[in-house]
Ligand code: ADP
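Here we start with a single chain on its own, the form predicted on its own, put down as structure tokens.
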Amino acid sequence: MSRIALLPEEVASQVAAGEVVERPASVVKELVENSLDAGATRIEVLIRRGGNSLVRVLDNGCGMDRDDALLCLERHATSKIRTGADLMAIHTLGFRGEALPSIASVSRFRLTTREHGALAGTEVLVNGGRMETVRDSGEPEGTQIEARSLFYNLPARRKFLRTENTEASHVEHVLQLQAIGHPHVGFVFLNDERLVHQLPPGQTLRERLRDLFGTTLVNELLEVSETEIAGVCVSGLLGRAGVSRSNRQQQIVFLNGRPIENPTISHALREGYHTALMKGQHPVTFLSIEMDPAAVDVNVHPAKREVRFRDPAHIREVIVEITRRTLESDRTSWSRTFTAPPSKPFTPDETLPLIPPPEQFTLRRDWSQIPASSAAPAENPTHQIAGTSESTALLTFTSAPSAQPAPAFSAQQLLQPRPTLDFKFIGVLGRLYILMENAGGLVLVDQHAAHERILFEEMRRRMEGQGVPTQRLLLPITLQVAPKDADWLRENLDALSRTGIGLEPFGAGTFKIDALPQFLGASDSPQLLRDIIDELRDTSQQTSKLRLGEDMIAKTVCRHAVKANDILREPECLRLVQDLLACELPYCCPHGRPTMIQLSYLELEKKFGRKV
């Protein structure tokens, strides 16, 4: 007796629905994609009880006649492709013809549609995959689809749904993705009759993001000017250096209008930011990639979120290059912001009196009441004004025994003129933060992070020009690696040699380390090589292989940079800031931490209650 049998059509539809319809958010995604493919300029989404009770999507797209309305509910019926060759040139978001019959098979389904200019529309009712009613309808032009009681006929599947709030948050996330990818389309989202989003059509990407996430995030984004490199066009917005998240939730990338997830792009973004990101953090990106559909395969996953590129190395190079250009374009405006002079130039005021009037002494200390016996025996001891150092004090007071008159000094002897600076040096807070004033308000510089960045770039330039001094090991170290890792190491022996690591094959899957950079301990070498292997996987072909040694450079400069509690005088602070502004990436240290932050006058006024 044969053990193999054909599944009934109803069961086959439910099996297919399991791949397409995972939760209410999947229903919203498929229906909204169909609306976008239909040319809709306004899409309204309503859910009840997280989408478990009702999902309704209404659009003003092209609509369908009765024949198409009936045919679209058949499996693999689609208007998007005709032949297998069309799979290599997909320009639409949907193309398989599985979404509508899958949704209809696991819900109480209602479809109403009307073509533009048609006198009447069509209404189709389907209950668990069985068509019940087909009749004329007077609905407006476009298409409206309702899916009620999702998974009512699959209780085993229904019990795996999460709470209503969780399911509603997934729906909102899906809708936000589509709204970001299509800012020219208006979206309305209602959850249990409560208006969540009302996004007007015809917006720019920046306006759409401002409506969704607020002004604070948008102000931290850099414009990616539309750039085409070898057939790949990229546009959108990137987070400034130092703007990051602990997950990839706001690392959003669209390929030909479709939101995608791809490790090649994620690695390219990470490489493009390079030291502008802290370890374990991910950049904030809203990128749109347009390219020939034949160069990418979107038919590799039921949800169509994963794609495969024909030439992933080329895509990586393009993303890396554009990310670098965007971050570098911000350098000029960043430096201009931090170095903008305050409203009053920082020049010594020669009109100040040599000795403050008597009434000012009561605010500090009444020097006239100091008895002669308490005077310091040292000759001409100096008392500084609070908050100044020897090199910054504009006024000094010379204490002498009261029986003798204080010696007279001219202003020229007491004042130390110096050229006007782009910013006003205030002092050092907590022996760590350099305080300055510029046109925007208060600037704080982390002296350790700033010095790290300066030393890092100087040492990297030296390494690229002259190589790294090495030391031979008395006892070589052996390293056992996997076969694939061994291939990577053999291909990069020369690059590793320039970073000061002497490495040579020593049998199958084994390498001998006989030399290391002078600043690296021998005990660190095995882990260093394993870290380098991981970097090789994520490094593009055009990227300098000398980057492989940058982690050890960063660790080295961290040990040699100015530390917290190291005392810096004003000339040293000014030189540190000037050297920092001359760096390629002055925004952050090699570990991705910010080197400078700005507290605007507006922020300070809010803190003091001057403004709301």
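The first residue of the shown sequence is 1; numbering continues from there. Note that the structure is predicted; figures quoted are calculated from it, not measured.
Quick note: we don't show the form predicted together with this ligand, though the next part is all about it.
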Just one of G242, G500, G236, G94 has a heavy atom within 4.5 Å of this ligand in the predicted bound form. Which one? G94
Which listed residue (V171, L100, V106, I319) meets the criterion of a heavy atom within 4.5 Å of this ligand in the predicted bound form? L100
T78, heavy atom within 4.5 angstroms of this ligand in the predicted bound form: yes
Classify T143 as contacting or not contacting this ligand in the predicted bound form by the rule of any non-hydrogen atom within 4.5 angstroms, answering yes or no. yes
Non-hydrogen atom contact L568 with this ligand in the predicted bound form at 4.5 angstroms: no
Please determine whether L580 contacts this ligand in the predicted bound form, using a 4.5 Å cut-off between heavy atoms. no
Picking from 583-591, 57-65, 44-52, 569-577, which part of the chain touches this ligand in the predicted bound form when contact means heavy atoms within 4.5 Å? 57-65
For a quick check, can you give me the residues of 33-54 that have a heavy atom within 4.5 Å of this ligand in the predicted bound form? N34, S35, A38
